[in-house]
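Coming up is one lone chain in structure tokens, specifically the form predicted on its own.
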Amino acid sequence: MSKLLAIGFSAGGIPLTQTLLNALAPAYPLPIVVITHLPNYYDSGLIDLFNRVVALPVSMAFDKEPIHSGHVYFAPPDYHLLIERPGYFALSHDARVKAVRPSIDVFLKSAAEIYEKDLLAVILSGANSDGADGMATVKSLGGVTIVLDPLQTDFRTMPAAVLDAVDVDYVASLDDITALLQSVQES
């Protein structure tokens, strides 16, 4: 099983995530899963927005879909995205967590249980605490935890909540996060 990169964000995170993904090589070896809080009607617009600036293929994740390396998957609006078993997504319409669906916490917890030390989790920007509990699970199961320095975003609540809850591996600028992710190779 390969490694997996998960990126969580909410308010203020679209330009940060575009910059980060745009900096990754077209042959980036890991599958990338992006979890963000979006209104239900925003799904196709988001994919188009990212496909214009990212060299890697970008799509919404589907239920029971196999996960492929070198591909960016977004959690679809109004569904929790999970890793059902190694290498496959699952969707759930369970109750909102911290008032959101998809929930970064829900995805990170399910991914950490499957990928353990082979999960890299990044939290960028947002106006609520979604992601803090998930990052704690990632850390406890041996995954790599990376948080954007809260001073590098106008929406500091999410990265600050993670830092309050977890002794993360890296608190870094966007450039340093990019460098870290570029140094990661497939196992």
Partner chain sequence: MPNHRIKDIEIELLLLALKERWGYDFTGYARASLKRRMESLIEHSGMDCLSRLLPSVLYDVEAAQTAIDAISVPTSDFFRDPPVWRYIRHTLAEQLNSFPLINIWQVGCGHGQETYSLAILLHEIGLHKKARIVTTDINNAFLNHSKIGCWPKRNLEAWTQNYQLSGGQGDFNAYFDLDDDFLYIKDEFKTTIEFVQHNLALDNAFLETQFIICRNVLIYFGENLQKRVFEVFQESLERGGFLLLGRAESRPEDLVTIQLEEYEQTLRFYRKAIRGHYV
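Remember, predicted model here, so these are calculated numbers, not experimental data. Residue numbers count along the first chain shown, from 1.
The next section is about a form of this same protein that is not shown, the form predicted in complex with the partner chain.
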query	finding
Residue among V53, L141, A127, I47 with a heavy atom within 4.5 Å of the partner chain in the predicted bound form	L141
Partner contact for H68 in the predicted bound form: the partner chain, 4.5 angstroms, heavy atom	no
Residue contact check: L82 to the partner chain in the predicted bound form, 4.5 Å heavy atom	yes
4.5 angstroms heavy atom contact with the partner chain in the predicted bound form for L108	no
4.5 Å heavy atom contact, D63 and the partner chain in the predicted bound form	yes
